[in-house]
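There is one chain below, alone, in structure tokens, taken in the form predicted on its own.
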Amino acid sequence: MGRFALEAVDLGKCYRLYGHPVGRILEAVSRGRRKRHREHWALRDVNLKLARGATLGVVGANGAGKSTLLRILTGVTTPSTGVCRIEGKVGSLLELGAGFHSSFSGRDNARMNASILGLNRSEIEARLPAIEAFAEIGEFFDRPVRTYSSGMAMRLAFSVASALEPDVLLVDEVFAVGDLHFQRKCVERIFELKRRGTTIVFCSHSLYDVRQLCDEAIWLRDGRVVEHADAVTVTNDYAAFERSLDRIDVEKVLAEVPRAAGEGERPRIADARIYRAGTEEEVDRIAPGDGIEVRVWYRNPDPARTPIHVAVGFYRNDSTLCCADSTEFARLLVPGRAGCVIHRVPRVALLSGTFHVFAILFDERAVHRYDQLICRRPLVVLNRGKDVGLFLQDHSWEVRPGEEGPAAAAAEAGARARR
């Protein structure tokens, strides 16, 4: 393996799913001639090479195969296809507290779990004081685990698992351990192991944690690797593409345009499209800070009787209305029987996400909707920075060392007045 601490080649895991427990027996009796199961591939064709001392993040939706991958790497389950090789001592923080005996004390459980994780007796006794100090559960360390709260059991489990000081550490969503003080200790311990050169595989739904901790990342979807690149690129791409709504969902969010009886010919939107600012290039992928134009073509059979306004808005893939603008805000009526209204955005402030851009025709009071249209191509914003949130706000920083706030100044003035 050379410089690689971890290598996986064509890794896959297939589970047999039976419609009824009896099906497993009938299949066994028939020696497999009568198939009673269907196959579910939780993981398929995964290829990885992780250098020594590197930190790999694993992201994906529930059921994407993240936990299955970690279980294979840690040896809890065997792969159905492919091979996995890891050099050095392996530690895992997968299911904290698994294997604790409720009748044993915390100290005895620490000894037992440390032994399972590969420490010999002398190493265990040498590290017990550090495990006890890190767990911060006081006298409960020598009491049965059944008397622990769930938070105390998790503290003890993390303390034991992280005390192994492994060459390769596999971590699955453990930063929610205990209170805020202990969570910070857990994060500091992980970073300490990283500074020592420990190779880390970190699985989490927190894209922020993955960006801050990991050098590179993989995005799993339906058991396959969709993308493997640096952590910032992968997490931003995952945020942009995952869980997007389809067109019918957006149309439900906007609601149907009310139709008045005997309405007759009314103003309509002929088309709406997104272009790169100042060009004729139609776009559906941009970066924060790029300029765009949303062009809305309209027809108005009787502009004298039905003056109109045009509105343009952006819905994020989770149905959040991000922003919307209207010619009514600018006190600008749209003239003529037909034409094009251009909504210019010099610098798009939106961060990673999939956004559905829509246009609406309103009456002169911007209350009654004549028509609406969703741009046929969603706008995907791909951020390449570590910024988080919905949009990138213009800002600057200033630090004033030693300056006290208004409350402190008021308290000092009150103290002087009392004297």
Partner chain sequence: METASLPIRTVRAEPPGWGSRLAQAVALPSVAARHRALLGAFVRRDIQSRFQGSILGRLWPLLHPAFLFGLYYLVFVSIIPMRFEAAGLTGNQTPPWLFLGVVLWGAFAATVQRSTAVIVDNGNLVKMAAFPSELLPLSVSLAEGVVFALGFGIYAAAHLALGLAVPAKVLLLPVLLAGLYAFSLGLAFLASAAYVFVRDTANLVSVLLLFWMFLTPIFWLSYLIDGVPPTLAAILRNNPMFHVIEGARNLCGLYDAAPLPPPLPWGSIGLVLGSGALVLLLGYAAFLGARRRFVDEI
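Positions refer to the first chain, counted from 1. What you are looking at is a predicted structure, and each value in this text was computed from that prediction instead of being measured.
Separately, the form predicted together with the partner chain exists; it is not shown, and the next lines address it.
For the options M154, A239, I72, L220, the one in contact with the partner chain in the model of the complex, meaning a heavy atom within 4.5 Å, is I72. In summary, among the residues E328, E216, D167, D172, the only one with a non-hydrogen atom within 4.5 Å of the partner chain in the model of the complex is D167. The three marked residues, S80, R85 and F100, each reach the partner chain in the model of the complex, with a heavy atom inside 4.5 Å. Look at 208 to 216, 308 to 316, 103 to 111, 343 to 351: in the model of the complex, residues with non-hydrogen atoms within 4.5 angstroms of the partner chain sit in 103 to 111. The partner chain is not shown here, but in the model of the complex it comes within 4.5 Å of a heavy atom of I25. In the model of the complex, the partner chain sits within 4.5 Å of a heavy atom belonging to V90. Not displayed here, the partner chain is approached by I116 to within 4.5 Å at the level of heavy atoms in the model of the complex. Contact annotation: R337 falls outside 4.5 Å of the partner chain in the model of the complex, judged by heavy atom distances.
Along 356 to 390, not one residue places a heavy atom within 4.5 Å of the partner chain in the model of the complex.
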